[in-house]
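Just one chain follows, in the form predicted alone, and it is written as structure tokens.
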Amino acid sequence: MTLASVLSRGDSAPSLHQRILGDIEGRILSGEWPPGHRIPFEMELAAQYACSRMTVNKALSQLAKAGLIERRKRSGSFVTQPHAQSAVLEIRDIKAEVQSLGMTYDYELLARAQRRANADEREQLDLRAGSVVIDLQCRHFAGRRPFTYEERLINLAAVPEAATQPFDKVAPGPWLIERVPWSAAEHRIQAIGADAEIANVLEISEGTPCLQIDRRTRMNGIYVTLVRLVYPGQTFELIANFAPMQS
């Protein structure tokens, strides 16, 4: 699915910096710009897109933060070399995770709301003022015990059909994967102690160690969803495969 096809289904056109971000990201992911390729200088991109260098800088900063490019002083920006040691996290179906443990899976929708994104959410999903999101809270079970707690925002400009999806029977993760092919994802993983809300949802004691995974996914420069998954620490482990770096 192309950016143009997504926009034709959305309510508004992308910002100029989103278009620059999507164009560069697409060339990198397609292999048109291989590792080591120098990205055009900010002045060149600003002239190409008839915009300010600040707009170009914002797009390049996001690409650098996502690990797709490396910015070097006085030399410019370059497509990053792949690092073999880095752990690549799959976007796995939680149902498949539970079933791989030999346990029965169940899903429960705790809350669903369609509302305007607040300032923090607009910043994280790169949305304009007034943008609308679907706000979901869900619980996934392994057997009779809660397996993970999910909080998710869906950008309706990217996935307008989510507005009519109740998500009462089908979890949002697999529903999105079937409809919106993501091109890039960012993960943030941290250990937390369960606060009162999380402890209640996961049926654990307050302060219990948990693993929290925050993930944003993009498609051609547009953020599709922002999700937070919280697992009780004693029931979940993160396994990453490593290989020696090639010179």
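So that there is no doubt, residue numbering starts at 1 and follows the sequence shown. We call the rigid core the largest set of C-alpha positions that still match within 1.5 Å between the two forms. These numbers were taken from a predicted model, which means no experiment stands behind them.
What comes next is about the form predicted together with the DNA, which is not displayed.
Colleague: Which one, Gln124, Gln99, Gln114, Ser75, lies within 4.5 Å of the DNA in the predicted bound form by heavy atoms?
Modeller: Contact check passes for Ser75.
Colleague: Just one of Cys51, Ile213, Ala184, Ala199 has a heavy atom within 4.5 angstroms of the DNA in the predicted bound form, so which one?
Modeller: Partner contact (heavy atom, 4.5 Å) among the options: Cys51.
Colleague: Among Gln165, Arg179 and Asn220, does every residue place a heavy atom within 4.5 Å of the DNA in the predicted bound form?
Modeller: No, the whole trio is out of contact, none within 4.5 Å by any heavy atom.
Colleague: Taking heavy atoms and a 4.5 Å cut-off, does Leu226 contact the DNA in the predicted bound form?
Modeller: Because no heavy atom of Leu226 falls inside 4.5 Å of the DNA in the predicted bound form, the answer is no.
Colleague: Residue-level question: is Arg145 within 4.5 Å of the DNA in the predicted bound form, judged on heavy atoms?
Modeller: Answer no; every heavy atom of Arg145 is more than 4.5 Å from the DNA in the predicted bound form.
Colleague: Is there any non-hydrogen atom of Arg71 lying within 4.5 Å of the DNA in the predicted bound form?
Modeller: Yes.
Colleague: Arg27 versus the DNA, in the predicted bound form: is there a non-hydrogen atom within 4.5 Å?
Modeller: Looking in the predicted bound form, residue contacts with the DNA do not include Arg27, since no heavy atom lies within 4.5 Å.
Colleague: Just one of 189 to 197, 28 to 36, 42 to 50, 203 to 211 has residues with a heavy atom within 4.5 Å of the DNA in the predicted bound form, so point it out.
Modeller: Among the listed stretches, the partner-contacting one is 42 to 50.
Colleague: Look at Thr217 and decide if its Cα position differs by 2 Å or more between the shown form and the other one after superposing on the rigid core.
Modeller: Thr217 C-alpha, core-superposed: shift of less than 2 Å.
Colleague: After the core is matched up, is the C-alpha of Glu44 off by 2 Å or more between the shown form and the other one?
Modeller: Indeed, Glu44 is displaced by 2 Å or more.
Colleague: After the core is matched up, is the C-alpha of Ala191 off by 2 Å or more between the shown form and the other one?
Modeller: No, because once the rigid core is superposed, the C-alpha of Ala191 moves less than 2 Å between the shown form and the other one.
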